[in-house]
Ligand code: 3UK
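What follows is one chain in structure tokens, specifically the form predicted alone.
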């Protein structure tokens, strides 16, 4: 094989992927499109900005890689990125990879203390940030022990990424690498505490694109992808950048917060064929659709991940919009979705079946594989999984076990081979001596017309026995009352095993979540 190429044998199930011995993943994602004649095709549409062609993208990537090298970064160095969804993100991410530097995209919604931790934990050489985030990033840089000397915003005055790129050449030879070499990091979203840096290799991105982007979603060059989920975490990185770049499609980027109004306006204006969101957003979009009728006719498929999608939200969306939502589960460590519903095989309320190229099994407390219909910890194996956590051998040993990744999620596998989410393993509760899934109760609660979102945790009663407690976000906050709490209690009793109904109801404005939309139930237990 020629250098930096990927061979895919679709005659095999799953598709067999072979990488060249010398493989820098920036080449097939950036340079390949110029060789294949896409230089003039639009690669990126940024809401509020100018479109970027594949030719301009390749030049920007080369300039960014040269700018980093010229600023003193060396192959193997880490560069932290607190960058909004815009072309600069792509220039910096792929430019670093092509130059042999390791990009580390960071959640742009964090606070200075979080950034300080990651700056210190990563041992990074430098940091690049969008000016909008300077109020949190700059204090973190100043507070970090041995903070990086190389620090600059993407634009503005003085030394900026834009200024460095303007002086840098637009040609760059790819740094030598192998498919198994370290390529980029992603910090976990901190569902249960301190984030961990998952170390990903050059092969990981193409594997997710081939097995899920093409194999499940059927993506092609004429698709237009719009992801409400941001580029800084694994789900958004695949949806909004990796998948469209792999097939030569177009990505629509929205730099601001994903409000229902902004999402609908963007869909109407730019006509995406694929839309990616999280359950919380789909619930909010459905509420808006009760009074508005945006044109969503361009959509052929919608995707949900981050938290399990309640069956009721799927059914309401299908009835109102006429388009399926494919729910699935992925993780930072696996880079994208590894269990999913399929366009021709949807089971509402389930995560679906294993994506081609991934193996899944459910393990009980005794370490043995659980029987069909029994709960256990979900373990997965696939070629996109991170090999380790940076600087954390204990967590690495506990999570990456004999080639399997312990997801930390509790699941049931049905007789038909579909996987049903029961909650994070840390969130499961024993009620009356029987295991109880918070997600099952939450899914029943959101079926009530007055409920927008719900989260359930275990709470000891006066006798010290664990019972379910519910936190409810209402469609109409003014409707909160004791009577509504009683209605919801009866609603649960009628649809669930009798011991599973919540004993307490708390009506709140919002629920604590990670950037990926996962409910942080541990904060509700505090």
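Residue numbers count along the first chain shown, from 1. What you see is a predicted model, and the numbers here were worked out from it, not measured in a lab. Between two forms, the rigid core is defined as the largest C-alpha subset superposing within 1.5 Å.
Below, we turn to the form predicted together with this ligand, even though it does not appear here.
In the predicted bound form, no heavy atom of residue 204 sits within 4.5 Å of this ligand.
Remark: residue 448 does not count among the residues lining this ligand in the predicted bound form, judged by a heavy atom distance of 4.5 Å or less. Though the partner is left out of this view, residue 300 does not reach within 4.5 Å of this ligand in the predicted bound form, counting heavy atoms only.
In the predicted bound form, this ligand sits within 4.5 Å of a heavy atom of residue 233. Picking from 81-89, 402-410, 284-292, 127-135 the stretch near this ligand in the predicted bound form, with a 4.5 Å limit on heavy atoms, gives 402-410. Between this ligand and the residues 188, 385, 437, 211, the one pair within 4.5 Å by heavy atoms in the predicted bound form involves 188.
Site annotation in the predicted bound form: the residue of 421, 317, 226, 94 reaching within 4.5 Å of this ligand with a heavy atom is 421. In the predicted bound form, this ligand lies within 4.5 angstroms of at least one heavy atom of each of the following residues of 328-345: 328, 329, 330, 331, 332, 333, 335, 336, 337, in sequence order. Superposition on the rigid core between the shown form and the other one places the CA atom of residue 34 less than 2 Å from its counterpart. In the predicted bound form, the CA atoms of residue 414 and residue 499 move farther apart by at least 3 angstroms compared with the shown structure.
Between the C-alpha atoms of residue 422 and residue 499, a gap widened by no less than 3 Å is obtained in the predicted bound form, as opposed to the form on display.
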